[in-house]
Structure formats: structure tokens, C-alpha cells
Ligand code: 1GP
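Here we start with a single chain on its own, the form predicted on its own, put down as C-alpha cells.
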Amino acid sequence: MSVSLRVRREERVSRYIRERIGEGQTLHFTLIDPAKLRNPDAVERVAGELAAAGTDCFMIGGSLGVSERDVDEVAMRLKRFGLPLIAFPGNISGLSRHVDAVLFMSLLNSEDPYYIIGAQVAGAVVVAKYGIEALPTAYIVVGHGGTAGYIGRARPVPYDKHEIALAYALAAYMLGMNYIYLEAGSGAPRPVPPETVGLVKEALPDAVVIVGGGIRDSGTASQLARAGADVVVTGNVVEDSLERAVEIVREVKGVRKSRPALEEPRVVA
């Protein structure tokens, strides 16, 4: 490889997330899918409302039809709100030099090695080249799976098999993945069960447990937060009803937890 690369060790976004969790906050991330929210003015209007409501980060990406240029354009518009921008790439085309960090994900229950390690090998070079902070993330598809599960050729963990999701999460953490993303999939008829969330968080108190997919109302979001989710992600509802999306943000931010600060992420050689 002719280009000299150096992995960025600055952990600004990681510290931002962990400090708030250590303060007892439950975080809310807003997922903006450039393939679904194409109007630039709409992106800024929606982001402004959700930032005012208290969302903690903007994630940018999607599973289908998202190019690097799309992520660039959305990221440039979102910078004005002063919140961390995190790439949520469905593939290496979902990376951008304008984001602060990337959920560097391995889809652990995919049946295609490409989504477990192949895309990551190709993407690692781009992440290093752009100097993006990498958040090592286990992506575990549960139940329905949505577009992410279908495109990623996942074998979803059944909704009632909480112990299987826990086994994946344990393996991920032992491999050095400090972020555990439990994903029901966009448009899923049901979210990840609270029982699964609670089991994973209880076993891995120092991991950042992220939950997304199938969250359409503030009651569901609150239930997942109280079950143990450190971060609740909403995406589709942002496109369907801004009013409900704002309600979800406020409900999630109202869930306070008594817990010790998370340990710093471990670096695996």
C-alpha cells in the first residue's frame, strides 16, 4: 500500500458517550438515512427539531442506496447543530471524511463473511485515511431484521431466544467490541425485546448497549431505556412523524439511571 496510514487514537466521541452514560443519562441517537430523507431543507428542519428536543448524536447512513456523496452532503448540513456525527455504514460507500466517528460494525450473525469481516477490511483503510474515530461495534440482528438483515444476509436471533443474543454479545465483548448494537431492523413489527436488552446489559455493564429498530412510540422507547439500553436509536419514525420522534427523544432523555461510570474502552492489540 503506497499511502502511509495511521490509526487515529483520539476518542472524543467515545468519551462524550461514556461521560453522559456515567452521569446516569440514557442517550438518544437520531438516524438520518440520506436515501429516504433527500430534501436538504427537510434534513435541517428535522435535525433542528430533534436537536432542540435533546437528541445526543446524529447517525448518518442506511442499508440500501446510500453513497459517500450522500453522507457528505447530509453531514455538512448537520455540522451546524454542534452534535457528534456518526457514520452508520451499510457498506464502505457509507463512509465520509466529514463525520466525527463511525460505528465500525461487524454483523456477527450474518451468513456471509463479507459482512462479518470483508467489508471491514476494505473500510479500515478508508477510516484510517480519513482519520475517523472508530467505535468497535457488534451488530446483532434480532427478530425481523428489516432491510439491514436482508441485505446483510443475517440469520436473525429469534425474538424469544434471549440467551442466543447474549452469547453473541459476550463473544463480541471478549473480542474487544465495546459497543453492542441490538437491531430489530427498520420497519420491524416489533422492537428488540426488553428481556434481551436487560440480559445483555446485566452481563456486560461496561459495554455500551445500543438498541434500534421497530421503535415507534415513546412508551416503547422508555421501556427499552429502563430495561438497560444505554442508547436508543430511532430512524423510520423521524421520516413518518416528526412530532412522535420529538416525543421519543424527550421520553428517552427523561430516563435517568443510577450507575457507576463506564470503564474506558479496552484496546485489543
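In case it trips you up, residue 1 is the first one in the sequence shown, and so on. Computed from a prediction, not measured in an experiment: that's the story for all the values here.
The same protein has a further form, the form predicted together with this ligand, not shown here; the description that follows concerns it.
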Please tell me whether any heavy atom belonging to P34 falls inside 4.5 Å of a heavy atom of this ligand, as the geometry stands in the predicted complex. no
If we define contact as a non-hydrogen atom of the residue within 4.5 angstroms of the partner, is S186 a contact of this ligand in the predicted complex? yes
How about T234: is it within 4.5 Å of this ligand in the predicted complex, going by heavy atoms? yes
Taking this ligand as it sits in the predicted complex, is G214 near enough to touch it, meaning that at least one heavy atom pair lies within 4.5 angstroms? yes
Just one stretch in 155 to 163, 186 to 194, 111 to 119, 94 to 102 has heavy atoms within 4.5 Å of this ligand in the predicted complex, so which one is it? 186 to 194
Pick out the residues of 67 to 90 whose heavy atoms come within 4.5 Å of this ligand in the predicted complex. F88
